[in-house]
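Next up is one chain by itself, shown in structure tokens, the form predicted alone.
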């Protein structure tokens, strides 16, 4: 068996793995990045500019193939003909669920992971979120507060480039934002109407998003083509392939190895620590063994926990970090697809220009200063204003071609503006929402897979019910007509914000990781992706993963220098 030795191994090359690779290599460590999937070249593999006539199915997708190989992945809006190659093959990458408890696990396995097709919304957490577990007794108390991570939010936001509006809200802290994107006429109309009714208690703003509204760190500003999920050849949105991994490689101390499917971490009883990573080559099926002084597990929330669960040894019979029986428990996701929409009159002569890659955001207002009688925690809204019949979609069934045809499609055919507010709700940590290793099923590479057992409970359903009612009330208060609520609450997993299962905490008896994202049972192993989260808040979580990763990498290097690891 081959053995190579590095200062650090990073498992995964997505948002968290990219940051770990960059920070560790820039601080002088030799780094090996293990990526389970293929490598890719943005100039060749990103299809944002590919015209429909070059696609076999004109972007309508190969339905037979999707049904056969990506039956779960196709449920994600972004898994279209231009981006399906960024989602896993469900046959090669199986998992199991109990009957009647669906979980839609959306995954990406290639260089950059899901950072290629993520939603890019970036919202800081505050002490309203970090103190929530302690105050209402659901979950274990976070070992950190906002002051412990604030400067790291500044650091990662300043590098990535986040556009947005500063609001001065204590529970949604501001950052060093690039200029906000412009709202549409219908969005400004609703914003002003809500402000008139609710004052500063409810604020509608444009989304804070990792798309550049101005040139930044050598990358071009977004040109509003709108097909971000197919990859951006101008690097106008943050993804690890075109940012952190580039800087990591530029140090000359980082190596990226694709097709490296991690089976487990190797525990050495004599040394009392993890000494390496056991890998299956994704192409040859050859077993490989890489060694390092520290390991950063950044494979995405559930894949990271799967690796820990599969890392069994005499000292860790339930997997590395499993001695407290917390590993695998408290799986969370966000609820979504419940809200309301309404007509906005008076702008029939207005139309959109370009395709803004962003929507609106209305921060949480429930349970901020007082307690709602029906549920704990809260929700925020995302959505936007749109012309009901505008867009290229109707061109599929309309005869014509050429420039005049395209211009005609830009003219609204009928109907006016509508505005939609969709709730994104917090999920309470619950130990019965958990993942375990299925003893009967292995993946293409012979590695045992996860069994995912999760369901929404009363608090999540109550949050989404209130999100419908409150959205309708605000739209009506703003002057919208024909307001209708909708309740299409999706199964767990489909929001693609899976969190928890290896949470941070103050005690080894109730958590898997300490305040520096170190595994209590193996101090030279760090887990810094969504697995580490002790609660879910209601904000999109990726910017918090980035901040936690940069913070943990800084700590790890200093600990190595002190010879503590």
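Residue numbers count along the first chain shown, from 1. Values in this document were obtained by computation on a predicted structure and should not be read as measured data.
Keep in mind the form predicted in complex with a small molecule is missing from the figure; the text below concerns it.
> So, in the predicted bound form, is residue 108 in contact with the small molecule at a 4.5 angstroms heavy atom limit?
Heavy-atom contact with the small molecule at 4.5 Å: present for residue 108.
> When the contact criterion is heavy atoms within 4.5 Å, does residue 503 count as touching the small molecule in the predicted bound form?
The answer is no: residue 503 has no heavy atom within 4.5 Å of the small molecule.
> Though only this chain appears here, would residue 470 touch the small molecule in the predicted bound form if you measure heavy atom gaps against 4.5 Å?
No, residue 470 stays farther than 4.5 Å from the small molecule in the predicted bound form.
> Considering only heavy atoms, tell me if residue 206 and the small molecule come within 4.5 Å of each other in the predicted bound form.
The answer is no: residue 206 has no heavy atom within 4.5 Å of the small molecule.
> Can you confirm whether 34, 121 and 299, the three residues that make up this candidate site, all sit within 4.5 Å of the small molecule in the predicted bound form, judged by heavy atoms?
Yes.
> Would you point out which of 50-58, 534-542, 506-514, 24-32 contains residues with a non-hydrogen atom within 4.5 Å of the small molecule in the predicted bound form?
Among the listed stretches, the partner-contacting one is 534-542.
> Could you spot which one of 77, 353, 486, 405 gets a heavy atom to within 4.5 Å of the small molecule in the predicted bound form?
After the contact test, the surviving option is 77.
> Counting any non-hydrogen atom inside 4.5 Å, which residue from 433, 338, 260, 311 sits next to the small molecule in the predicted bound form?
By the 4.5 Å criterion, the partner-contacting residue is 260.
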